[in-house]
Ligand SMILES: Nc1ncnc2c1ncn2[C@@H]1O[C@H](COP(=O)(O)OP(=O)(O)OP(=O)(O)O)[C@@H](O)[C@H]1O
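Next up: a single chain in structure tokens, the form predicted on its own.
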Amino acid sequence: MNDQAGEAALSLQGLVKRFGATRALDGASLVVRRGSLHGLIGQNGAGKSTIVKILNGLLQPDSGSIAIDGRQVVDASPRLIERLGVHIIHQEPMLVPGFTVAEALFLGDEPRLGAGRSPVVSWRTMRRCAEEAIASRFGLALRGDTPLDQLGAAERQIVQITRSLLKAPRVLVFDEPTASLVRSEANRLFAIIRRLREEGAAVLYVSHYLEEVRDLCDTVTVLRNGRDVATLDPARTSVAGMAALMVDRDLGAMFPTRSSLPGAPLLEARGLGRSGAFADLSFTLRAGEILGLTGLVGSGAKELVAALFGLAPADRGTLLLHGRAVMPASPSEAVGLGIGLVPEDRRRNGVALDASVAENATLPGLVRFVRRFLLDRGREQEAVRGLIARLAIKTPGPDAPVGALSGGNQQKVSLAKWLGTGATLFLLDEPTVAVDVAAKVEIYRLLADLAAGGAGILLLSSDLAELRGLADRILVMHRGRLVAELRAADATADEILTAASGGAAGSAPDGIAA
């Protein structure tokens, strides 16, 4: 442990930040001590993102003070903040488009030929060091020459985290770092964070995952309406207690009680496969059922969801929808079959941020509001107002841009657009990533209502508590194959993780590394 452990590494006192008439921060304070893990929690809109942007030098507070290692910081900039040893791990990786993994990791610190004396970059050394850095920290085999735009969200996040760790930071701020990581990767990150704490680093951990905060952090500050309303010991506080402080009310049961039994088969897969992605998948999803799906990166779970929506169609096997043979060759064909997809990266693929709530909610089924080649705005607005009420979307109105809404409300809009099409099969890819606890509860209740109405839901999630609390059954994939089917009510986290890690796996299909 560092001799300076316990000293204030980061101190924020009385921060106020206004945006017009809105106070994003209203006197918020917190102190992160050296050699400690300090959690920061709160609903979307509580002020967490504003604090992170101030710490990164992207925003200046209207009043209040910031001190790093006892030094008052005024007119901070990203360059100054990093020079003082503070590194931010953003929820959405801040990486240069078009770069490779190695280029992203060593930008500005590229290894040179001739023991560093040459101006010529040693590309071979850089690729090798990049691969070793990621493998040693996360156990992930990722080629250094892989372009970033070919990586999934989890892999991009791992690259960003590794880049910051290579800088030997004194203060690390993690902003939703596990939002796109599966459990095994998150556990490796937790081990790294704990090691950093033992080495004397100060860590501010911002997350919606209250179980993570409770298990990982030494101290937790709760934000509500721009103020710090509590600083507590998570070992002495329940997750429900933390959630109640965040929203100033009792949320009740996190997961809704579901009493109806699944009905007839809605979706049946028989020997479904796609070269290099997955093989011999057979399963049934019934009407009124929530079927969980999980697996580590590279398991083929995401590829399965993409195939069902026609993004990367299966090339063998049989798929039945309502007893009729189908095989969506494109998203438009899938939509025509009554299939809706809520993608993991909602901001890039789920909603159009600059478009209004109404435009997003009606886009897939816009033809319903066309009469004689003209759009009936009145009917469209009436339908949108009904969806806003049904999903409890918090918005100034149907014409408000979706980009101005919180993450949870953006996700509701992403769901709303499929409700308007009359979809009967919903494919959900990590539907509550970076969504606050109150919005999660609302989304869970909405999904339960959809299932009670006879819809079939395939829920791909790396949140084991979510799968166990919401799904009827859980399918586990490993290296392109289904290796376990578990009754959610009886499944343990150890069982799921063992299967996902290959404990119950068979041989890998053609084109997938064994």
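Because the structure is predicted, anything quoted here is derived from the model rather than measured. Each residue number is its position in the shown sequence, starting from 1.
There is also a form predicted together with this ligand; it is not shown, and the following applies to it.
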TL;DR on 47-55, 448-456, 462-470, 31-39: the one with heavy atoms within 4.5 Å of this ligand in the model of the complex is 47-55
Using a 4.5 angstroms cut-off on non-hydrogen atoms, would G407 count as touching this ligand in the model of the complex? yes
Using 4.5 Å between non-hydrogen atoms, is L10 touching this ligand in the model of the complex? no
Under a 4.5 Å heavy atom criterion, is A499 part of the interface with this ligand in the model of the complex? no
Though only this chain appears here, would T219 touch this ligand in the model of the complex if you measure heavy atom gaps against 4.5 Å? no
Note which of R379, R368, K167, K394 lies within 4.5 Å of this ligand in the model of the complex, where distance is taken over heavy atoms; exactly one does. K394
From T100, Q91, S356, T237: within 4.5 Å of this ligand in the model of the complex by heavy atoms is Q91
Counting only non-hydrogen atoms and a 4.5 Å cut-off, give the residues of 11-27 close to this ligand in the model of the complex. F19, T22, A24
